[in-house]
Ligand SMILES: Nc1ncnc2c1ncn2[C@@H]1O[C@H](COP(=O)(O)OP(=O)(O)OP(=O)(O)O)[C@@H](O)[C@H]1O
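Single chain ahead, written as structure tokens, the form predicted alone.
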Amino acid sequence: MSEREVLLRTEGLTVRFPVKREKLFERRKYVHAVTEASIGIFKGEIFGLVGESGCGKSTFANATLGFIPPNEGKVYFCGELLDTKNKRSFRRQRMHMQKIFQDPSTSLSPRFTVEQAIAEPMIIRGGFTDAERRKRIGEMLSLIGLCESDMFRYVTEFSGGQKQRIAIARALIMHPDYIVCDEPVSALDVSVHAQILNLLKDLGERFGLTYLFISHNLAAVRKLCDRIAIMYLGHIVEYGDTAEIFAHPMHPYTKALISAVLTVDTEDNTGRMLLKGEIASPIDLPGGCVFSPRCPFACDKCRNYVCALTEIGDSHFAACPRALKGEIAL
């Protein structure tokens, strides 16, 4: 790990959800949402989390916020254990965390004016007069590209992109240190994607924010994120510097994802790596490497060997022993 200050760190983070029994004495089954995820997020960086739908990205993010207590493993925030059972300590830590949800139309109450929506965290925290709240909200509206007079309008009067700006203002109004962006542009028109992403980046630099950025858009991740982690069936299979991973992907799943990125470069001869088969059930995970049923390079030892993240370079980790040993060419 680099000497940079680590804001948030997970050690063997594991989250399982019990499945309802169909028969009275049936053995309890679990959805293995996140399995032994160990990563570190540096202060002031944008850390991307990438993977297919249902791979556990949002569950991992919610666990780092304390929304979901882990079954195993630990989460550390600013070097201190995030303990949801210690209410006083957890409340103090959560004051420095926020989340921007995917769909602003559902995360913002239609009964609220813009002022009420943005002021909600300030009211919960307490200690502000009406004049102080209104002044801070007016300043924040200017930063997100809206007018101060917009605070008296209802959130339903705005477009999807404007609503997401309001949601961003609400998340930043108390100047948190750590913000989870759970696919913040996927519910918006393509025409406003770049605007919202640039806004997040500008505000992050202005306030020294740390983002956990969840997205399916690898082109946006490549442009926005300093480092990324690739998740498959709840397992982190590769993570490190964004430019390094895009230039030299080590895990076959990472290679397949990157090869699927659309490009307008007619001279790009990068071959598309197609995956066969279906994603295994998170209730009944395959033995050994969880990616082995779909991996074109899998062999018998892959199906019997539990792959662990191994450092292959300067803060570049991957969980594919065959690739690490140079047995396969990606």
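Because the structure is predicted, anything quoted here is derived from the model rather than measured. The first residue of the sequence shown is number 1, and the count goes up from there.
Below: the form predicted together with this ligand, not depicted.
Only one segment in the set 36 to 44, 53 to 61, 285 to 293, 300 to 308 has any non-hydrogen atom within 4.5 angstroms of this ligand in the predicted bound form, and it is 53 to 61. Although the partner is absent here, V261 sits far enough away that none of its heavy atoms falls within 4.5 Å of this ligand in the predicted bound form. For M273, no non-hydrogen atom is located within 4.5 Å of this ligand in the predicted bound form, even though that partner is not displayed. Proximity of H216 to this ligand in the predicted bound form falls within the 4.5 Å heavy atom cutoff. V31 belongs to the set of residues with a heavy atom inside 4.5 Å of this ligand in the predicted bound form.
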